[in-house]
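Next comes just one chain, in structure tokens: the form predicted alone.
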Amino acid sequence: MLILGIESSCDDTGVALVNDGKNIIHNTLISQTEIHSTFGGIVPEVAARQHIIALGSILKEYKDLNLLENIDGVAVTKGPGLAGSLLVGVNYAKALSYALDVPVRGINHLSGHIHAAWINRIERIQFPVIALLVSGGHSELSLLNSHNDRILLGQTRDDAVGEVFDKVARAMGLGYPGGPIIDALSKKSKNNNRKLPITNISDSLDYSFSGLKTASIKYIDTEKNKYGKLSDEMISDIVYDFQDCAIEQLLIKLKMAVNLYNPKNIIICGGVAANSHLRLRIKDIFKMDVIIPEPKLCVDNGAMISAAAFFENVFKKETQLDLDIFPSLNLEEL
């Protein structure tokens, strides 16, 4: 089954053609990072306008390459995400569906991230699965009993882990987005003495990253006041400490969930899953197979939306030309 996937929930415009949820025929991603970096974060109105430009350009390219001729359906992110950005993607998808006379279905963005684990994978993923979804907007643990049966086990009570990476990077003047910058600079640290706290909410699989964020920013301000300016060595030590604490919090709850639910596989997905420290730490912790999509499939992309549509078998239902957006959609909603 050949499915065209469209992703426009935030600031990345993704379109992909995927066969049977696993095999990528064509994958296009246009990032707005350079545009939003001048603002130090995402400006929703700017993001929506850029999606209009990007989707028009991408879909023209797909038409010129004759990639739209044999598709069986169009899958598009319906939520969660920025309302303006979601509207652009959904309206393009419905127009394309009508023009090509193929069905259109809305897909949960969070399910898309999880189903990125099936792309380009030969080995079978066995249920039940514990999925850790970590990104700029989400930090969630879920139990998957099947492709269509998801149970939310825990989530952040305040900031998402990727959001905290951005805010700590901003406090140090490192630029946006903070995740890749902190990951790179932390590798230069030679001092592993932990000064920042690790939050562990007892008797819960929920996360809390606001304490780590506040402690990190206060520590940065204290060091700036003491020395006037942070040296390169101090910066690398601070970001290593912060990153290590953030990753440790993620792993504490993941280990709890695995012990409680005894899954056959673990999936780690979302933009923060590209973090090299997380990937390194995870290798020696679990005996079972831990699946992490390749870095380019961890970020928002159209291929993951195609994959989710296929494995959730959404086209068994009628087309959704009346499809609406759901900016606050939760993980358990299909």
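Note that residue numbering follows the sequence shown and begins at 1. The shown structure was predicted, so the numbers you read here are calculated from the model rather than taken from an experiment.
In what follows, reference is made to the form predicted together with a small molecule, a form of this protein that is not presented.
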| query | Quick one: does His113 come within 4.5 Å of the small molecule in the predicted bound form, counting heavy atoms only? | reply | yes
| message | Just checking whether Ala274 would be counted as a contact of the small molecule in the predicted bound form - the rule being heavy atoms within 4.5 angstroms. | response | yes
| query | in the predicted bound form, does Asp206 have a heavy atom within 4.5 Å of the small molecule? | reply | no
| Is Pro293 close to the small molecule in the predicted bound form, meaning a heavy atom pair under 4.5 Å apart or at it? | no
| The unique member of Asp241, Glu248, Glu223, Asp183 whose heavy atoms fall within 4.5 Å of the small molecule in the predicted bound form | Asp183
| Does the small molecule come within 4.5 Å of a heavy atom in each of Gly5, Gly79 and Gly106 in the predicted bound form? | no
| For the chain shown here without its partner, which stretch in 142-150, 157-165, 227-235, 121-129 has non-hydrogen atoms within 4.5 angstroms of the small molecule in the predicted bound form? | 157-165
